[in-house]
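One protein chain, two forms: both are listed below as structure tokens, the first as structure 1 and the second as structure 2.
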Structure 1
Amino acid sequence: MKVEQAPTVGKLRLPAIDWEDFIARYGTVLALVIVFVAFWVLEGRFVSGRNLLNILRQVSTLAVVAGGLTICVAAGEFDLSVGTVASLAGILVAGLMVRQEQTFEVALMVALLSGAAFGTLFGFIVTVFRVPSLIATIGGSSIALGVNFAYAGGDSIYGQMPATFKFIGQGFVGGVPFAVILALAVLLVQYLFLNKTRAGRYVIATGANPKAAKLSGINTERYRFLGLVCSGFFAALAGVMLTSYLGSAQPQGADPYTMDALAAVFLGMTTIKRGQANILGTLVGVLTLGIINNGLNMVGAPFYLQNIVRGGILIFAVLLAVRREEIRFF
């Protein structure tokens, strides 16, 4: 590793900069800036205030589900059900208000509890029966999809919804979409949990080296369980936000968030705290995906190119981390 000699200014010796480490740590952030400038050059309207707010509104839901998934990955587990769980929560919150005429508060509570329930189920299967989380959540995703279609009958749910509910996804506070404010608040809570609480530090320790964590007295099963519950809960919250924004619920409306959230989390693991799932890195990943999707739309790229780019980003991020031996799947 090459470290440049520290420059001097008079008698003051400036700290040396390890450029190799700097690029490795913040290269993803630099790439985000380059992509942003590239779309700015290609389409001047890209940097308009209206479009920038639109990008933030578009990524707010993804940020919430990806933040929950970050906690899960930090604990050393994977959740491939976040999209279908979010779809189910959206169907439940809309169906309870429109079809069963329940209050917004009751519908919201049931929707969020559905996500936590799936997370609890996965945590139980993974920690008690030792089933890998990849398998447990794939199977659970199919269950969530089945429950979804059983309740909705395979149809979209739309109708008159309370103004309070619609405000979540469609309201503004001081010209800023409320969904953006909510997403930032959720990310802040997730960041403080992982970085400023004992439980969060134990989650990270469990994911980083479960054997060492267990030898130091940490109940690793508890924190793996917690990671999966958090993932399910925040996926459900994201489903509620999406339904509020659209004003209706589709049985598979949030399913694409599984791949997008994974891409954001793994891309985030290549920056800030390399090899470790972290909220700030995930935010960089979320913004990268949002800027690319929005920019491609503005320059008139075909819609299918977005899927190709997202898949490529996911593969590249995982490949980079695996080659650096920063993450392992087995």
Structure 2
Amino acid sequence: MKVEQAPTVGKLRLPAIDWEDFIARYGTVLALVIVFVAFWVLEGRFVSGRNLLNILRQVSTLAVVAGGLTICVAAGEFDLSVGTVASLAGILVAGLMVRQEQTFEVALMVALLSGAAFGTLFGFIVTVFRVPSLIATIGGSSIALGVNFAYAGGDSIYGQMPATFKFIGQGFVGGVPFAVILALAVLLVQYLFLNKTRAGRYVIATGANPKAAKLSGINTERYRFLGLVCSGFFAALAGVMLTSYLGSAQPQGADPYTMDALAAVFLGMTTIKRGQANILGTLVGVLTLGIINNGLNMVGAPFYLQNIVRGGILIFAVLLAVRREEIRFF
């Protein structure tokens, strides 16, 4: 590690900056800034207030599901069902309001409970029967899709939905989309949970080194269980937000969130707290994905570049982290 000698100003000695460490820690953030500036240079309207709010609006749903997944990954587990669980919640909330004529509150409660229920099921399978979460959630993803189709017959759900519900995804507060405010509030809660509560610290300890955590007296099964429940619950909340945003429920509308949320979490693990899933890092990951998608549209880039650039950035960022041994998968 290269440490520069601390510069002095008169008799005052300034703290030394380890530039290599700084770049390693904040390289992803710097890359985000560079990408942002590049799009700004290429298309001035990219930084208009309207477009910046547009970007925040577009990533708000992903931020909620990725935040929940962050807690799960921090506990050392994977959840590959977040997309289908979000789709199920989206279908349930719309179906209950439109087809069963339930109130918004009842529909919301059932939708959120469906996510928590899937998380609980996965937690049970993973911690009691010791099935790897990767497998349990792949299987569970298929079950969620099956339940989705069993409920709605695979059909999209359109119809009159209460104004309160529409406000979640389409409303504004002081010119700011409510979905953005909601997502920030959720991320704040997730951040406080992981960093300022004992349970959150135990989640991180469990994910960082389960054996050491167990030897320290932490009930690691409980926190792995909790991680999966959080992931399911926030996926369901994201599904509700998506349905409100779209104004209709699409049976597989949230399915792409699985890959996007994983990408955001992995990108986040390369920054702020390297090698560890963390909410601020995930926020950087979510913003990176959103800015790339929006920026490429704004500069009129061919559609296929979105996939190539997104995939390339993800692989490159994780590759660097793996080479520095900050992330280890298997």
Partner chain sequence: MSKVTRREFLMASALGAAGLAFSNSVTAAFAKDLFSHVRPDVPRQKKELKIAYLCQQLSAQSNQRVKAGFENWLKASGLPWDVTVTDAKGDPGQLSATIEDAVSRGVDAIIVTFGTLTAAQGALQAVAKAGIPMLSVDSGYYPPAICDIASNNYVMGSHMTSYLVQRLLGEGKTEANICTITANFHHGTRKRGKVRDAVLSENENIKVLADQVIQYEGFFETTLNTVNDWINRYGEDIDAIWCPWDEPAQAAAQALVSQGMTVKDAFVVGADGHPPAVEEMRNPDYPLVATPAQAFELWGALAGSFVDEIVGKGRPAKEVVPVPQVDFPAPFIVKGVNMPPEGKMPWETVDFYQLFFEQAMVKE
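So that the term is clear: the rigid core is the largest set of C-alpha atoms that superpose within 1.5 Å between two forms. Worth saying up front: this structure is predicted, and the values here are computed from it rather than measured. For numbering, take structure 1's sequence and count from 1.
Which number belongs to the form predicted on its own, 1 or 2?
Note: form predicted on its own is structure 1; the other is not.
Comparing between structure 1 and structure 2 on the rigid core, is the C-alpha shift at F303 2 Å or larger?
Yes: F303 shifts by at least 2 Å between structure 1 and structure 2.
Quick one: how many Å does the C-alpha of L314 shift between structure 1 and structure 2 once the rigid core is superposed?
Here L314 registers a C-alpha shift of 3.4 Å.
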